[in-house]
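Just the one chain here, the form predicted alone, laid out as C-alpha cells.
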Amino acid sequence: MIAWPKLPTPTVLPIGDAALLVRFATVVDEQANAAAIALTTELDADPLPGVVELAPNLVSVLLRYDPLRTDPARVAGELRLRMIRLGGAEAAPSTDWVIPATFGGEGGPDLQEVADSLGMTPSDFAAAHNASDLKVLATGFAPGFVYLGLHSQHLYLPRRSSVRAKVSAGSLLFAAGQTAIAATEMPTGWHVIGWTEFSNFDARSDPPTRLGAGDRVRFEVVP
C-alpha cells in the first residue's frame, strides 16, 4: 500500500457566506499539492453533508456548501476529522501517460528565448525538460487546462513580461517551475515552448477530461 505523505496543517478561510477555502500553503510545493489532491480524493469518495461543490487548486481546495443544510463551523469540524483520517490512508491510484510533442518551430515560438535565458541550447533544454516524469498538479483555469510539475530549480523561469492574445489548443506552456497544456485557445503570459496533438478536453465525453491530479506524464519528442 502506498500511503499519502504526512499532510501539512491547513488554514481554513471563509469565502463569502457559502464557501470555505482549505489552504495548505501560499506557494506551490510538492507536499501542499499532495495534500490538496489527497483531500479532494477523500471528499470525492465520501462527500461532506451539505457540501455541493469541490474546486481543487494547486495547494488548496474550495468547498462550496448549502447554508440551508449546514454551516461553516460544522463543515470545518468535519474537515478536521477527515484530515486526521487521511494520515496514513492509502493513496489513490494514478495513471502514467506518454504524450508525443514537438518542441520549438511554429508551435513553440519561445523555445529559443527560454533556452537562452537558462543558458542552454534548445535541444539541451528539451532534453532536460523531458528527462523525468511530471506530475499532474491540478486541472482547471480553463476547460482541460493541465498544470504539470514541478521542474528542478535550474529550469525555473518567470512568466513573460507581456501576454499573448491567443495560443492554440495543444500549446505547451512553460513558467514558474511548471509546464502546462492548453486544451483550448486562450491568452497566456506563459512561454510557448511546443505543441501536442493530445487533447485533455472533450465536452461530449463523461468525464470531459482525461488527465487527473496525481497522474504522471512523460513527453516523447516527435521529430
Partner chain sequence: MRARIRLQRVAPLTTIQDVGRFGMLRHGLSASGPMDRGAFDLAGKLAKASGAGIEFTLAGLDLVVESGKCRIGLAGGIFNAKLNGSKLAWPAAAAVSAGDVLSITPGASGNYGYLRFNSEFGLEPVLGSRATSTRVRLGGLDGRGLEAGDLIELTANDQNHYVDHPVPRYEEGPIRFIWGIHAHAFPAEVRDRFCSAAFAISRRLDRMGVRLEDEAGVFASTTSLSLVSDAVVPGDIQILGDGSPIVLMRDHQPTGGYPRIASMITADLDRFAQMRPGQAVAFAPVSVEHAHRLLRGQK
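Predicted, not measured: the structure shown is a model, and the values here were computed from it. Positions refer to the first chain, counted from 1.
Quick note: we don't show the form predicted in complex with the partner chain, though the next part is all about it.
**Request:** May I ask you to check whether P56 falls inside a 4.5 Å heavy atom distance of the partner chain in the predicted bound form?
**Result:** Although the partner chain is absent here, P56 would touch it in the predicted bound form, with heavy atoms inside 4.5 Å.
**Asked** Is V27 one of the residues lying within 4.5 Å of the partner chain in the predicted bound form, judged by heavy atom distances?
**Response** It does: once the partner chain is placed as it appears in the predicted bound form, V27 has a heavy atom within 4.5 Å of it.
**Request:** Check whether G104 has any heavy atom within 4.5 Å of a heavy atom of the partner chain in the predicted bound form, and answer yes or no.
**Result:** No, G104 stays farther than 4.5 Å from the partner chain in the predicted bound form.
**Message:** Even though the partner isn't displayed, in the predicted bound form is D44 close enough to the partner chain, meaning a heavy atom within 4.5 Å?
**Reply:** It does: once the partner chain is placed as it appears in the predicted bound form, D44 has a heavy atom within 4.5 Å of it.
**Item:** D17, R64 and P67 each touching the partner chain in the predicted bound form (heavy atom, 4.5 Å)
**Value:** Yes.
**Prompt:** Taking the partner as it appears in the predicted bound form, which of 111 to 119, 94 to 102, 137 to 145, 124 to 132 has residues with heavy atoms within 4.5 Å of the partner chain?
**Reply:** Looking at the partner contacts, the answer comes out as 137 to 145.
**Asked** the partner chain isn't shown here, but in the predicted bound form which of S171, T40, N33, T179 has a heavy atom within 4.5 Å of it?
**Response** Result of the distance check: T40.
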